[in-house]
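Given as structure tokens, the chain that follows is alone and in the form predicted on its own.
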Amino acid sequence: MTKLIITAALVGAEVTRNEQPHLPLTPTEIADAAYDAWQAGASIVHLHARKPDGSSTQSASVYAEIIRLIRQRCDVIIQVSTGGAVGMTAAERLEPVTLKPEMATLTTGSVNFGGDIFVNSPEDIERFARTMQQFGVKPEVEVFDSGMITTALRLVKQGLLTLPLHFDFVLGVPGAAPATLKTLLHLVEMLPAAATWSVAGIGAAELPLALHAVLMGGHVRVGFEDNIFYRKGVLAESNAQLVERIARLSREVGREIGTPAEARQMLGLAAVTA
């Protein structure tokens, strides 16, 4: 079985300090969290950015500072969010892609998102895919329901995405696909040949779905964007704590953890030289 790729989703757009006192917000705090997650076994960090007041921002300048600080300390793969926060324009959401990070998320459909709607029109999806092509950024296709896989395959036929694809299944968002093993199995069965995939279970679903992914040969996303607890009623102390648990449990069942260099090879990314 291939080595496990662990992605640390450090911040997100919705979580607040009132909910999770250890949430990193400033560029320095986010870079520190990325370094700690890398040391714990993460080979990818999924980035959102915040303003000084804690609200979400897609400002390229803020992302640039976060990326600069991370790059000073480690070789973790940088993956920026193009989801931003609900209500942002496509132009806003695309700003960090212009920095030419190694990866960026590409959500291939609209979805009810709690009390909001995360809107991704067909026109915007194509625009996002073209922009990632323009700047040489590998998309991670974010899947909230099965139709988003179908849309991604249509983009392949249009020449806007290139095989093999990498998918991330975000399961358990209120209004989207449920966080069950049955859902995960169905989505994996829909994937094209040679695709890679990870799963991000929301809230209490994070750990059980991560363990299923480990055993199934998939990959795992954990972190404060998706879940702020270590166990029921007990807040996690850091993103790194959530990463370390998955790394430890994966090794316990005989699956080793991939380094950033090994993850780049698995995902078809260019090698990074010191």
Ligand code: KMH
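Numbers for residues come from their place in the sequence shown, where the first is 1. Quick caveat: nothing in here was measured; it's all calculated off a predicted structure.
Just so you know, the form predicted in complex with ligand KMH exists too; it's not on screen, but the next bit is about it.
Partner-facing stretch of 158-166, 196-204, 106-114, 175-183, counted where any non-hydrogen atom is within 4.5 angstroms of ligand KMH in the predicted complex: In the other structure, the partner sits against 106-114.
Partner contact for E19 in the predicted complex: ligand KMH, 4.5 angstroms, heavy atom: It does not: once ligand KMH is placed as it appears in the predicted complex, E19 has no heavy atom within 4.5 Å of it.
Ligand KMH contact at H46 in the predicted complex, heavy atom, 4.5 Å: Output for H46 is yes: heavy atoms within 4.5 Å of ligand KMH.
4.5 angstroms heavy atom contact with ligand KMH in the predicted complex for L191: Although ligand KMH is absent here, L191 would stay clear of it in the predicted complex, with no heavy atoms inside 4.5 Å.
Contact label in the predicted complex: E14 to ligand KMH, heavy atom within 4.5 Å: Contact with ligand KMH, yes.
Site test, T82, V86 and F118 vs ligand KMH in the predicted complex, non-hydrogen atom cutoff 4.5 Å: So, yes: the whole triplet contacts ligand KMH.
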